[in-house]
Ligand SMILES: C[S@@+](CC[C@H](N)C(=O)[O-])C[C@H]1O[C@@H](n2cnc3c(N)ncnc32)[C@H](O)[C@@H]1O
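Only one chain is included here, represented as structure tokens and corresponding to the form predicted on its own.
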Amino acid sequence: MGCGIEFRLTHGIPDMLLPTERSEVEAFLTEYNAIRRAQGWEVTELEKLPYEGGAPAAYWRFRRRSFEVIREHCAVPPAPGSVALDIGAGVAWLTRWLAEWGYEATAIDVNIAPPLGLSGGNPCIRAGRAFNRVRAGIDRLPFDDATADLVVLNASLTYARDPAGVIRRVQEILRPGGRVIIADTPIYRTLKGGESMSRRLYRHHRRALGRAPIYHERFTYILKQSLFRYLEDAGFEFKVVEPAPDLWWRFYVLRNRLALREPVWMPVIVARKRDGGRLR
């Protein structure tokens, strides 16, 4: 029996948003895109990301550090037919790498319009990169259980209304032994540190918009112990990988400590759905 809901193509991409989700998503994206424009975000050479072709430069310095860890764990050719989901993919720059490494890869995001949304990845598609794109929100992932071998939450988990629920859903989507990689997620060890960052970000967004932001809670952080508990409760074993601390990162940490602020913690967390084996 059909559910009575018709989904559509937007910019040629399957749009899996429910009618009840659509108006809020579009309002959020209006604010999100305005903030990003004010910050000078742009992608000029998609296939060179994260090394070149993106602004602001400081942001992509963060992304390069975590990308090297992701490459280390994912670039070994997977088994034929292995499925990877890149959740919160933006322009799908990482998705194209997953496809290049041998995965049947799909980019998922609510932002679909160029230049920062999924259709911004058209140059990769035209260049022959084979991956799929789906418009869907992180809090309602429209995938069958036990269908993916790898899920990447790359700079996306803190946009979830219910991070614990997202991790539980990812566990359901993964096959036994499947992995989830959480990267570029602002993590704080203390509530004080996270709230201090949130207040600074609020002021920044207010200046960018010229008004009080409506969706500030989407630009947030997660506490270290909360994240670890979510993973354990969902049935994951995990390890924490610290990206190599380059000179720029050392300067960032020193500057925050001199200002008596807790620096954000940005590890890469590699977790595996328990199947009786060991995480390697």
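Quantities reported herein were computed from a predicted structural model and do not represent experimental measurements. The first residue of the shown sequence is 1; numbering continues from there.
One more form of this protein should be noted, the form predicted together with this ligand, which is absent from this view; the next part is about it.
From the list 190-198, 71-79, 120-128, 84-92, the contact stretch for this ligand in the model of the complex under a 4.5 Å heavy atom rule is 84-92. The closest non-hydrogen atom of Gly178 lies beyond 4.5 Å of this ligand in the model of the complex.
Contact check for Ala105: no non-hydrogen atom falls within 4.5 Å of this ligand in the model of the complex. At a distance threshold of 4.5 angstroms between non-hydrogen atoms, Asn154 is in contact with this ligand in the model of the complex. Although the partner is absent here, Ile138 is a contact residue: one of its heavy atoms lies within 4.5 angstroms of this ligand in the model of the complex. Proximity to this ligand in the model of the complex, defined as a heavy atom within 4.5 Å, holds among Lys224, Arg36, Arg65, His216 only for Arg36. In summary, among the residues Ile167, Leu150, Ile182, Val110, the only one with a non-hydrogen atom within 4.5 Å of this ligand in the model of the complex is Val110. Shown here without this ligand, the chain has Tyr59, Trp60, Arg63 in 43-71 lying with a heavy atom within 4.5 Å of that partner in the model of the complex.
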